[in-house]
Structure formats: structure tokens, C-alpha cells
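Take a look at this one chain, the form predicted on its own, written out in C-alpha cells.
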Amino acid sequence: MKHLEDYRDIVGDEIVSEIFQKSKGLYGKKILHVNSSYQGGGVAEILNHLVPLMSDLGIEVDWRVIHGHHDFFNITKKFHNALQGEEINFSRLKRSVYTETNKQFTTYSNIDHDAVIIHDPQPLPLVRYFKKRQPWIWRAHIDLSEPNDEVWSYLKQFIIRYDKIIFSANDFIPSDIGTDSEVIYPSIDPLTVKNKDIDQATIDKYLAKYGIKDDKPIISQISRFDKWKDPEGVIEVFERVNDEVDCRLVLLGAMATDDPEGPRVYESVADKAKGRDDIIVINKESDILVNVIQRVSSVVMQKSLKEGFGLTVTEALWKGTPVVASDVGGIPLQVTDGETGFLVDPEDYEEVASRILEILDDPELGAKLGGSAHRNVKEHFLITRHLLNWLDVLKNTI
């Protein structure tokens, strides 16, 4: 288990000391996090590192995952898509499965905490079915700026019961929200296997293990196999780049346990790459492999059509790897176009390819972008800053 003082060499004594000082009023307080998955996706990624550090500060932190059958997760995935603007057949049955699954969760769970933090829409209705004796906070990780009106109106009946809502960006806050709200940027943990420095021997070992040759430039996208990440569009962009510069594409991802669409997306992408040695598709949950690919890539792409934040962008920026990413969602919070990477219209394949080629043709430009990006992540997107933000929220809420 990591301890807060382990971060001193990265962020400095002043930041670490500030965290300890802010935590004083929270000793022994009991905090509960509830989400829909222990692994896969950015929420589980953040909680896996945030919860132990909160505990290290003397806060009693629990983390629970809502139980649901396949139908429930199919429905909540449709809700997720609808909250990002997609149309949905919003039937009475869908609403019934959604609420009944949340209600059932109360029969084998007890809440006696000083504050409850609910992550994303899946466990949102829990606030109705538990007897509310403490502040409840809803942490919305997705872009809610243009939700499907019918779904949004339905979910607001639960949202208005919350004492506070935390968003990832100001632009994500709907104009008709009445509940007290704040913004907290997501973060990465620089001391994890996924983000810490690794030696060349380890890099060579993993490249060989997964049959990835580094004899020519590597372009990569690392993200869940999700239609919003547009992996098939990534292949289209790669074809344009490959016509100009002989290179290789690596698509590395895994599937979140609460996302039933993942297998279909993966199979479609794998079919497109079948029989080719210049496109490698890997379905694997491996933090070391993510680290390796982000470090050996000449360019990391993130061609999302919608994106709550995009922690894989943050990870690549931290490693100083040049990034070409969509100008959507939370990505522009991390990437300043022309300074820490390039922002592009994800549906303009020629623009995306052009920016990638610009970096491939000018390694000094890539190094300059990467250096600025690393410094920006250190200042704004590490877990120590994230922890400070949550301490402020909890001290002002409990």
C-alpha cells in the first residue's frame, strides 16, 4: 500500500503537507463510495488509488459496487449513451429494472456513514431507497451538456435529492441543474505500474510477448472497446497516415464489467485488422502493457466522439508522448492545441492524419509538445491535487 509521503519526490513537501493539514477535521469520519465496477474504465481506475490514500489520512473509507444482472447493465449503458445525446426507447420496463435493481441493493447493504458519494448514473436512485441521514454527493463523470431530454428529466427526480454534484468540467453542467455543484478534474497516480518509469528490458520483454515490432513508428490508441472511442475510425485515420509514412497501429483496450457493448465493438475491430501485421489489436487488462505502449508510441491518438475526461490522454501526456486527441468533452482541459498536443475534429479524418504526420515528420516538435504536456499534468492532473479537492468538498459538506 502506498502512503502519501511516497509522493514527496514528485509533487514536493509543500503539497503533501497541505494534504495532511486539510485532513485534520476528517479523522475518523466514515465515507462511502458506490459505483458500478471494480475494474475497467476511469471511475474504477480513480477509486482504486483515491480510496487507499483517503484511508491513509485517517478517514474510514468504504467502496461498494452495485450488484446488477445483465439486463440492468444493458439498460444503464443505454442511459449512458442517452445522457451523451443518443436516442433511446425509454420504456417503462427499462425504468422498472433500473429502479428495482437499486432498491434490491438496499436489502444487503447498510449505510451508517458520514457522507455517501455515488458515482455516475448506475447507482443514482440509491438516494431514494436508503433512509437519508447524511450528505449525499453525486459524482457525474460523463459529459451532461447535451443529454437526451426524456432520460435527463427522468433522472433529475433522483438528482434533486442530492446535497451536491461534482462534475469534471464547467461545460458539463446542465443549465437546468438546481443542486449545488462543483468541478473536480479526474487524475492519474504517478506511482502506479501504469505510470511509473520502466526500464528498457521490461519494454523489450512486453513488446516481444505481444508480437509488437518497433522497427517503424508506432501509432496507438489505448481505451476501452467502446463505440464512443471510435476504434474503427482510428483504423481509417491510420490508413491515411500509413499511405505517407510506413508505420504500425496498436489498438489496446479492455472491457469494463458494466459495459455489455464492449465485446461487439472488439469483435468488429478485430475483424477489420484480421490478417494484417501493421495493425495489432489487443484485448488485455495490463497496466504494464499500457505503460509500454504509451512510451514506445511516436504518437498516441484519442479519437473519441464523446469523452467524459479521458485518463488515457493524461497518462500519455505524463510520459511526454505526443498526443493527437479529439476536441471534445474533458480532453481540451488537458490538451492546449499546439502547446501540449494537438486537438482535432474527430470526424475529420484528414485533419487527424495531418496532425499525426506533422509530428512524425518533426521529432523535435513531438519532444517539445511532450515536455510541455508532462509539466502540465504534474501541475493539474495528479492524484495529490485530486485528493486536495475532495478534502475541501468533504470538509464543507459533512
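Note that residue numbering begins at 1 and tracks the sequence as displayed. Since the model is a prediction, treat every value here as computed from it, not as a measurement.
In what follows, reference is made to the form predicted together with a small molecule, a form of this protein that is not presented.
Contact check for I222: a heavy atom falls within 4.5 Å of the small molecule in the model of the complex. Proximity of Q122 to the small molecule in the model of the complex falls outside the 4.5 Å heavy atom cutoff. Remark: L252 counts among the residues lining the small molecule in the model of the complex, judged by a heavy atom distance of 4.5 Å or less. A residue is said to contact a partner when one of its heavy atoms sits within 4.5 Å of a partner heavy atom; K284 meets this definition for the small molecule in the model of the complex.
For the residues I279, I75, V290, V151, the 4.5 Å heavy atom test against the small molecule in the model of the complex is passed only by V290. For the candidate set A140, L311, V116, V241, a heavy atom within 4.5 Å of the small molecule in the model of the complex is found for exactly one residue, namely L311. Annotated contact segment (heavy atom within 4.5 Å of the small molecule in the model of the complex): 222-230, selected among 128-136, 169-177, 222-230, 155-163.
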